[in-house]
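Take a look at this one chain, the form predicted on its own, written out in structure tokens.
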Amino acid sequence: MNYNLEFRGDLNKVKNLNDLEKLRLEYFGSQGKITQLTKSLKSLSPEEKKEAGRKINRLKNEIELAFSQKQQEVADRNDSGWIDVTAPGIKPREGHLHIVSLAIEEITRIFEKIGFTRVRYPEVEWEWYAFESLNMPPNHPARDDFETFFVDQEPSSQYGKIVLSPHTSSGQVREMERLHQPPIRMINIAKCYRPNWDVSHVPMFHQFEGLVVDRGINITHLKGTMDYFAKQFFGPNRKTRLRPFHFQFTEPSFEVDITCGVCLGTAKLADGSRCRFCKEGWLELGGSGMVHPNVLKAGKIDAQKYTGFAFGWGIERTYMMKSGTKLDDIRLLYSNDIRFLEQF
């Protein structure tokens, strides 16, 4: 008997998955046709058994392949004509924004509440905006190709070479040029690029830059803004301090420190031992200072009438210091490891 031909005829009669299951049992069930053929091998001689076994296996494989194809065809056609509308649907997996995007949104909302306007300036920038306008001379170390990505392009006689923006500070002068006159209250969040790669640095990272320019702006306004941000972003128990430092584009300049989220600035834990996370109760958050008069002049702002303050911090670093995240390697943020990203 030609079981293959018979199976093909039976297969053409199948209308739905129930018919297909009945046909499968007819051929592969305990009393099925292929099963009976296999059992009949024991009555054959060794030579006959070898040849018959080869033919039965070939037949079995051909029927199984045809069965599989028909099963897919019936499933795709959904010829059953019946749908259980009460059955729960298949819910799609819920995704969420990357944690850096979440941090950017949160920081933006915090500063918008006190009148800052969110802006964004070019990632590919002229050397003049990135350095000269910020009071950084030609021999400044940051302008070396070991610290900055330079683009292989014909330089401009007015603006110099093209760079991948090494910081969001270049947006300060662009914002002054855009508005022409104070008051200015800007928050600039964008990608920055520097050729560094270790547990606390990546070649591409995000910064947020704050700039306030108006009459009578002084250090107390800077300190108040820093305290406001620290309490909103890190928690009501966190405090900041300004530590004297030096930046070319601010004078005076400060590093902003924040109390440790583990020991809350005491440098000691509940058991009396020294805090291993901060060692001394404070963590470095970022740079800040009063806008240098030369920077105001570059932005065509009268430095005799107006003063301002600026600050610039890394988004990733700031988020790593946020209470409860416990991130010890910034590169994890861009590893695309779903096991890590799903935690946030």
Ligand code: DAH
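This is a predicted model, so every value here is computed, not measured. From 1 onward, residues are counted along the sequence shown.
The following text describes the form predicted together with 3,4-dihydroxyphenylalanine (DAH), which does not appear among the structures shown.
- Between 3,4-dihydroxyphenylalanine (DAH) and the residues 197, 150, 228, 146, the one pair within 4.5 Å by heavy atoms in the predicted bound form involves 146.
- Checked against 3,4-dihydroxyphenylalanine (DAH) in the predicted bound form, the residues 63, 295, 315, 310 give one hit for a heavy atom within 4.5 Å, which is 310.
- The partner is not drawn, yet in the predicted bound form one stretch among 231-239, 245-253, 119-127, 151-159 has residues with heavy atoms inside 4.5 Å of 3,4-dihydroxyphenylalanine (DAH): 245-253.
- In the predicted bound form, residue 281 stays away from 3,4-dihydroxyphenylalanine (DAH), with no heavy atom inside 4.5 Å.
- Contact annotation: residue 207 falls within 4.5 Å of 3,4-dihydroxyphenylalanine (DAH) in the predicted bound form, judged by heavy atom distances.
- Among heavy atoms of residue 289, some come within 4.5 Å of 3,4-dihydroxyphenylalanine (DAH) in the predicted bound form.
- Contacts between stretch 151-169 and 3,4-dihydroxyphenylalanine (DAH), counted in the predicted bound form as any heavy atom lying within 4.5 Å, involve 167, 169, listed in sequence order.
- Expansion of the residue 142-residue 205 CA spacing by 3 Å or more is recorded in the predicted bound form, set against this form.
- Whereas the shown form places them at one spacing, the Cα atoms of residue 166 and residue 146 lie at least 3 Å closer in the predicted bound form.
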